[in-house]
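Before any questions on how it binds or moves, here is one chain, the form predicted on its own, in structure tokens.
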């Protein structure tokens, strides 16, 4: 029988060591899986973890892949710090994209810069509105936010599918469920380096991370709302005694989280797709949960974690193309990594001992 005893003193070193050990153990388990399935272990690990760094344009693609993961992950920090479990960032990503894309298609005549800035605002508000649904239900009816936010993901998927196949469908799409292409003012440009040219799909949306990360860090660590969020998450009774309004905190963190997910959707679609389609997200909202915890709920840690996960995803694509390894096999890495991260979190907070049943 396992006994979990809360630690009175937690190691600060484990904050850095824990995720590193989790990554190493994930690689070891992955090597064992490749061996059991008769794939070349060394070559498989090379394709998954090393090949994404083999060319400059591939490194640029890592940044592009990491961009939505990092933005959503930063937003999720607010919820998880408050011990509010927003599992529906995927749906908030979709709704934010749909709102911003619809705005761009309905008002294409706006000035280029005004249109793009308006899309950012509309996308943020769309994601925030979708996240406010589980917040209000939790506040008013004490409904579990995990179930509501998760189920709303599937509502969002069906909703964008209906819109793209119906009201916003491009009559010139030859039967494919696609909207009209975005106007030029709604497209985020690729970065053209002087003397080098374009590096893969690297776009200016990446720059948003340079503002969002320090802003989020400052908000969490240097402001009263950030202090309230941390106290509410770690010591709810102390938060109540201090007079902090739990309903405002719940609503605030979910709105911030949903808005960031919606913003990530706007950047991803405007930079890489240029039009709405039924599948605008490829699991970014769910993967960002792992990114947030791997980054130890720190905005700067989330940047590193997003790059790690993006590398593994692109490496998985390479392994699939070159070695024929099914993506479901390489996708196991994410689940294993999350398991070890949660295990490390448990070890950090509790002393684990074994007691034999008499």
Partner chain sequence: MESLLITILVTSVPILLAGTGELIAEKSGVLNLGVEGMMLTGAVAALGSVLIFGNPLAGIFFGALAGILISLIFSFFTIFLMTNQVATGLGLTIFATGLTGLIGEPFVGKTISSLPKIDIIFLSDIPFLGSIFFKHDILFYISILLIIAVHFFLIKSRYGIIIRAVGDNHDSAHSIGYPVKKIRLLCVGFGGMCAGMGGAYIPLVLTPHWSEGMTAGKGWIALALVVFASWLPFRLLLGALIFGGITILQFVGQARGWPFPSQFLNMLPYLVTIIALSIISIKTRSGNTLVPSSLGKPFLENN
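Residue numbers count along the first chain shown, from 1. These figures come from a predicted structure and were not determined experimentally. For the two forms, the rigid core is made up of the largest set of C-alpha atoms that agree within 1.5 Å on superposition.
There is also a form predicted together with the partner chain; it is not shown, and the following applies to it.
Interface residue among 64, 307, 325, 297 relative to the partner chain in the predicted complex, by the heavy atom within 4.5 Å criterion: 325. When the partner chain is considered in the predicted complex, only one residue from 198, 107, 159, 217 comes within 4.5 Å through any heavy atom, namely 159. Taking non-hydrogen atoms only, residue 176 never approaches the partner chain to within 4.5 angstroms in the predicted complex.
In the predicted complex, the partner chain lies within 4.5 Å of some heavy atom of residue 39.
The partner chain in the predicted complex is approached by residue 3, whose closest heavy atom lies within 4.5 angstroms of it.
Heavy atoms of residue 141 reach within 4.5 Å of the partner chain in the predicted complex, making it an interface residue. Residue heavy atoms within 4.5 Å of the partner chain in the predicted complex occur in exactly one stretch of 70-78, 118-126, 151-159, 184-192, and that stretch is 151-159. Judged against the partner chain in the predicted complex with a 4.5 angstroms heavy atom cut-off, the residues 14, 28 and 282 are out of contact without exception. The Cα shift for residue 39 between this form and the one not shown, taken after rigid core superposition, is 2 angstroms or larger.
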